[in-house]
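Before any questions on how it binds or moves, here is one chain, the form predicted on its own, in structure tokens.
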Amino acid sequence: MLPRMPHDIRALTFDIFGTVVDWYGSIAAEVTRIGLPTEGGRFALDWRAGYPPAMQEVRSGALPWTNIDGLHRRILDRILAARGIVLPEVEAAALNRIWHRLDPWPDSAAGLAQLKQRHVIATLSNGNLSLLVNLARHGGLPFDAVLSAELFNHYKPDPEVYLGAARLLDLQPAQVLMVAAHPSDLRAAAACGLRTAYVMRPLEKGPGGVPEASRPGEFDFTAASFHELARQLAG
């Protein structure tokens, strides 16, 4: 069998949190801006750390289907309580909405525009639809389509999300390239037959953060930016 080449790829689907937008820097800055009595970077890390176990509660049936806004709020309430911080409801709700206005990485908007010249580009995130729409508008992110795990009532890495995205795009899984800064996301996509592109974001978890481990050559493409990925796909 001949190897699949870049021209076989028809659409790119993008993880969002950490891959396209900087959740750590945005949340840390917001915590400082509103004057919470806590260190912003640590607060961001703790909030994000609650995300996988919260999704697992939904996956296991311990929680009914709850979108990411709802899960983020549950986590936020817990970490505020653990720090002894009490916020009026209107302020807590506004803080939870920071996830709707995370700033993109410096290469994201222009890099996506470059990738869009040759391919359909779509989100494929666990974020709920309204959140993803707001992020795209906030960051000037030129996606052709906004696909969310919410459409499938499953969270990544469940196969229903990756295969559902290919189905909605009217493509075979092998015609879709999953782009993410998280090897675990890419491995799950590859298990469903999607192509994979690892875009490195070494500052995702802040200056002292340690990226998720990967093996050399593990993915179809590896790039340091969306611009570099576009050059590779151009062949």
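Residue numbers run from 1 along the displayed sequence. The structure presented is a predicted model; accordingly, all values stated were derived computationally and were not measured.
Not pictured, yet referred to below: the form predicted together with a further copy of the same chain.
For Glu39, no non-hydrogen atom is located within 4.5 Å of a further copy of the same chain in the model of the complex, even though that partner is not displayed. In the model of the complex, no heavy atom of Leu95 sits within 4.5 Å of a further copy of the same chain. The closest non-hydrogen atom of Leu203 lies beyond 4.5 Å of a further copy of the same chain in the model of the complex. Within this chain, Glu160 is remote from the site of a further copy of the same chain in the model of the complex, having no heavy atom within 4.5 Å. In summary, among the residues Leu87, Ala110, Ile75, Val133, the only one with a non-hydrogen atom within 4.5 Å of a further copy of the same chain in the model of the complex is Val133. Proximity to a further copy of the same chain in the model of the complex, taken as a non-hydrogen atom within 4.5 angstroms, holds for one residue of Leu168, Leu63, Ala190, Ala29, which is Leu168.
Using a 4.5 Å heavy atom cutoff, none of Met55, His182 and Asp220 lies near a further copy of the same chain in the model of the complex. Applying a 4.5 Å heavy atom cutoff to a further copy of the same chain in the model of the complex picks out no residue from 25-55.
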